[in-house]
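Before any questions on binding or motion, here is one chain by itself as structure tokens, the form predicted alone.
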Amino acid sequence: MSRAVTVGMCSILALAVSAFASGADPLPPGTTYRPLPAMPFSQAKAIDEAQKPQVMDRQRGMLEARYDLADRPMDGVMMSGGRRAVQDGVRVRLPEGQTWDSLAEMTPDEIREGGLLPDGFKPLPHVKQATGGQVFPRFVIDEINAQESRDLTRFDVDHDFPDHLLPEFPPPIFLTTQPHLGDVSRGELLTIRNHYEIMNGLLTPVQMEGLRILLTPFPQEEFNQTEDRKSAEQHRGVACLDCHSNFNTNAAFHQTPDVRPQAARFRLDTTSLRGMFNQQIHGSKRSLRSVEDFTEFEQHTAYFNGDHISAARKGEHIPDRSHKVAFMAQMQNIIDFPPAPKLDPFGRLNPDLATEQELAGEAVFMGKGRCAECHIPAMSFMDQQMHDLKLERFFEPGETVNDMVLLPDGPIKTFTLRGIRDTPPYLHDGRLMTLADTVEFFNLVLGTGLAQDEKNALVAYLLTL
């Protein structure tokens, strides 16, 4: 497996090979631990900056080959805060000569042997797989910088998705303790600068302290004060809610901390923190059993790539379990889902409020589509379990795409579908751009044989959740 980031220019490749030979960044593909930098920061930065245009061009080429990235919103369908339209249509590109119906008629073996699984259904590489780390959308970077003068720009990579395919920003905030108030965000992004003014009087002292900690930046693998960073200037770090903007998602991504070697680490899309009060399993792979466990462990995982050896020199922050962690958990546990006025208290559609198409979609969801076997309406549309879809039935593992080795996903936790319109892109790595993509993915993988009108009805139903 190549240690170089293939960027298509001999001079850049030569620099990259030199960087690998000296033990600098990117990582050697087979190591468990992140090696210390072996060259001056200025030299590593210059190499990264020289590679960046080619790295981004390569990623853009891969995305455009996999997906239709056009801005094609649904007519009149907005996310919960009314700030961004929900995108319409299937965006995954089909193999030449195939239709969704023709693929659905094939067996997994036929699809695998013919190499016919759409590339957009395969694992999605990090924008710079060999380096990894947190990458933020530009609109998040700009707002945090405007409020706090803290710049989350990386000099080696940018976010790779167009903004119109990402969640609205800033998203609304709904509280279980104040459901009558609706969105309490005032249309602003919560930061360490404004959170007290916005939330004073709505939170208990414990919750307010938990919120303060969740908004406090701490050193992180790519954003710290050492030479082993990807920010131009020494950095205070990132806050929990830099990724989970207003407790939702902003589609920032990094890599799973739970897999090695580096080439096999899958991209990890930021999940929403809405509805944490009903979730009993946390982490796509780790299945931690309390939000307190997850909050504590994130200081080693999201912040330091699961590498506690690398953390100490950068300014590791381990919050006290009985005091700080508990306060952070109490704050997270009062974040509610967005309103779903067509659902009854048990998560079923009210027939007096739903359209015929939405009711038809619910019937598909509960029956032929097999969605409710994992996404149980009365359990906030999840089942507190992990499931392995065994996608490798449809493709040969081992292909390398942009330095990522495409391997089986293995068991992944069931994510809630409440408020699903607000959380694109979908699946744990964000490989699916729209709800229509998601319906096609599961129709193929589960072999449910849905007709087009059933697929359309299912999308209409998902928009009510």
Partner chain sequence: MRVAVPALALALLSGPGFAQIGNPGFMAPDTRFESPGVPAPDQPNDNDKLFAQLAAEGGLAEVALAELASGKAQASAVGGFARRMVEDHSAANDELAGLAEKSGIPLPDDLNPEHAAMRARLEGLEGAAFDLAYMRGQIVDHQKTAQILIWEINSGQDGDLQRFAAGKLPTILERLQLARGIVDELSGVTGVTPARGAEPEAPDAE
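In this text the structure is predicted, and so the values were computed from the model without any measurement. Positions refer to the first chain, counted from 1.
Absent from the display: the form predicted together with its partner chain. The rest refers to it.
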Residue contact check: residue 413 to its partner chain in the predicted complex, 4.5 Å heavy atom: no
Contact flag, residue 183 vs its partner chain in the predicted complex, heavy atom cut 4.5 Å: no
Residue contact check: residue 71 to its partner chain in the predicted complex, 4.5 Å heavy atom: no
Distance check, residue 392 to its partner chain in the predicted complex, heavy atom within 4.5 Å: yes
Region of this chain that lies against its partner chain in the predicted complex, out of 255-263, 354-362, 187-195, 276-284 [heavy atom, 4.5 Å]: 255-263
271, 343 and 375 each touching its partner chain in the predicted complex (heavy atom, 4.5 Å): no
Position in contact with its partner chain when the complex is considered in the predicted complex, options 228, 143, 383, 209, heavy atoms within 4.5 Å: 228
Within 41-78, the residues that have a heavy atom no more than 4.5 Å from its partner chain in the predicted complex: 43, 44, 47, 48, 50, 51, 54, 55, 57, 58, 61, 62, 64, 65, 68
